[in-house]
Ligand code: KG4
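Only one chain is shown below, in structure tokens, and it's the form predicted alone.
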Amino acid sequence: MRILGIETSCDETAASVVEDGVKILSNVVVSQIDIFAEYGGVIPEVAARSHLEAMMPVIDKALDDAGCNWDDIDAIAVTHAPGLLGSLLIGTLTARTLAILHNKPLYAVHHLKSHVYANWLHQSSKGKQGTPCHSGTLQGRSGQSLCPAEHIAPCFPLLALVVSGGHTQILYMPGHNQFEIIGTTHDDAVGECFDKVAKILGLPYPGGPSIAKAAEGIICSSDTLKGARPSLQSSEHIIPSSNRYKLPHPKVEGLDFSFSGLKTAVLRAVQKEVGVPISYPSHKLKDLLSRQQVCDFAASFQKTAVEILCEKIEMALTKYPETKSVVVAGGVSANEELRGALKDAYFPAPSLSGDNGAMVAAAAYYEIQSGANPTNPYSLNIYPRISIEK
């Protein structure tokens, strides 16, 4: 079964053809990051207009790259929730029109489901070996171990850690297309926290990759650090210390998260480090930081954020000892430190961590296999905010 997946929930215009939920025949993504780097974040109206310009060329290229015509496509899948209202409208209106025009069944897919199912695509891989998180690896819970590495696909029941700019959740999945939210953030998502900390440190948008690079000592570029002091644009080799600044782990009961306090803790630590009062404007702090300080703050923050995620997964595994697999999904799943910490977990290939059409097609395939009915293309609606459990 070949499914055309369409994704426009935020600032990527994407389309992909996937066969039987696992084999990627094409995967085309047009990103708007270059547009929004100048503004430090996504502007919804601009994103929608950009989708409108790129949508049909992206779909045409996806079909061409897959060597398919419309007779070869068995179904169309599209992200209808959650996301930016204007962006979702462009994708769903396009999918609805194509489904009617070419008489194809249409499946409306939840964005977070898609991220989870990126782990079933052939390009996905087991977590990279590396230093385990401070609480240990994912083994040794009541003598029970996760499914062995020779399993190409995750085994059920499983836990899914969804980490992105808009979401931080732990899901329990007893089987395909079955989702129970067992942990969620009370405020900021972890990816949002990365973006805000990057802004404090004077690092470019998006914050996830910028923080990760700075944590390795890579921040030099007059283009990426506009307005920063010359010392930040130096090419000297920096060895960051992830232990230089001690940052708190928010006390949140159960499996829920809170990252707003961690963001504020970084802000206060920076203000203290440079010797200014808390009333000092946060956007001016970058001008007072040395290159070494930026790298050390980035490394310390990244380490703390990863530790928090690992702690909650360990707690979830204790609460759900029958778990056979852990999968990580969403844009933050591309973070190398997180991959090294959760080395027994499944991660999508880095190219599939961000928004893409392949994950939408994969999610739709498993919905179909679970008995889901097609959506009426004449009445499909969008939902900027809706739970994955709905």
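Start at 1 and count along the sequence shown; that's the residue number. The structure presented is a predicted model; accordingly, all values stated were derived computationally and were not measured.
There is another form of the same protein, the form predicted together with the named molecule; it is not shown, and what comes next is about it.
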(request) Among 39 to 47, 350 to 358, 66 to 74, 53 to 61, mark the stretch whose residues have heavy atoms within 4.5 Å of the named molecule in the predicted complex. (result) 350 to 358
(message) At 4.5 Å between heavy atoms, is Phe194 in contact with the named molecule in the predicted complex?
(response) yes
(request) Tell me, yes or no, whether Pro250 is in contact with the named molecule in the predicted complex, where a contact means a heavy atom of each within 4.5 Å. (result) no
(message) With a cut-off of 4.5 Å between heavy atoms, is Pro174 one of the residues that contacts the named molecule in the predicted complex?
(response) no
(message) Please determine whether Val29 contacts the named molecule in the predicted complex, using a 4.5 Å cut-off between heavy atoms.
(response) no
(message) Which residue, Gly261, Pro154, Gly166, Gly217, is the contact with the named molecule in the predicted complex, using a 4.5 Å heavy atom cutoff?
(response) Gly166
(message) Please identify the residue among Pro240, Gly202, Gly91, Gly207 with any heavy atom within 4.5 Å of the named molecule in the predicted complex.
(response) Gly207
(message) Residue by residue through 324 to 345, which ones have a non-hydrogen atom no more than 4.5 angstroms from the named molecule in the predicted complex?
(response) Gly330, Gly331, Val332, Ala334, Asn335
